[in-house]
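The chain below stands alone and is given in structure tokens; this is the form predicted on its own.
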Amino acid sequence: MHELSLIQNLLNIVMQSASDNGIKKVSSVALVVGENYGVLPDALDFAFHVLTQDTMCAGAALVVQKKPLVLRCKECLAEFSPQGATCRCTYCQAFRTEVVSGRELYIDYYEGE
């Protein structure tokens, strides 16, 4: 369950930034999580609520925006979301593709006062 360490690192960033900006209480944290990043949304939520206890983020809402996996075909340059387990281009059927999005994990924003 690497979600605990991911959330701990993200919370450290949020709390340091909030402290640097004079924010005493964080009310929400928004994350962007790629579909192919390999985390479980329920585990992120669980880790967030456990690790925020007795911190400036206690009671804050965790907002998770999922970003779909998008591939670009190296043959025809079309971008598409793969269907099922295959990464074959849906336009020209080539197998050579690269990831455009869907592997990211970052803090989009946080709110507080």
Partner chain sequence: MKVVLGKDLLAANENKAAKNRELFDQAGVLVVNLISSPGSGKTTLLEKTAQFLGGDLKMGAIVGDLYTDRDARRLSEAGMLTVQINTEGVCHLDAKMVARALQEMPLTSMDLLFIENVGNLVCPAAFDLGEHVKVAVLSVAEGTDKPAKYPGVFRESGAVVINKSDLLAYTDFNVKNCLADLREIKENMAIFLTSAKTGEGIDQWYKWLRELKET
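Remember, predicted model here, so these are calculated numbers, not experimental data. Positions refer to the first chain, counted from 1.
Below: the form predicted together with its partner chain, not depicted.
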Wondering, does residue 37 line up within 4.5 Å of its partner chain in the model of the complex on heavy atoms?
-> yes
Its partner chain contact in the model of the complex: residue 87, any heavy atom under 4.5 Å = yes
Residue contact check: residue 31 to its partner chain in the model of the complex, 4.5 Å heavy atom | yes
Give a yes/no on whether residue 101 approaches its partner chain to within 4.5 Å in the model of the complex, heavy atoms considered.
-> no
Contacts with its partner chain in the model of the complex, stretch 99-113 (heavy atom within 4.5 Å) = 99, 103, 105, 106, 107, 108, 109, 110, 111, 112, 113
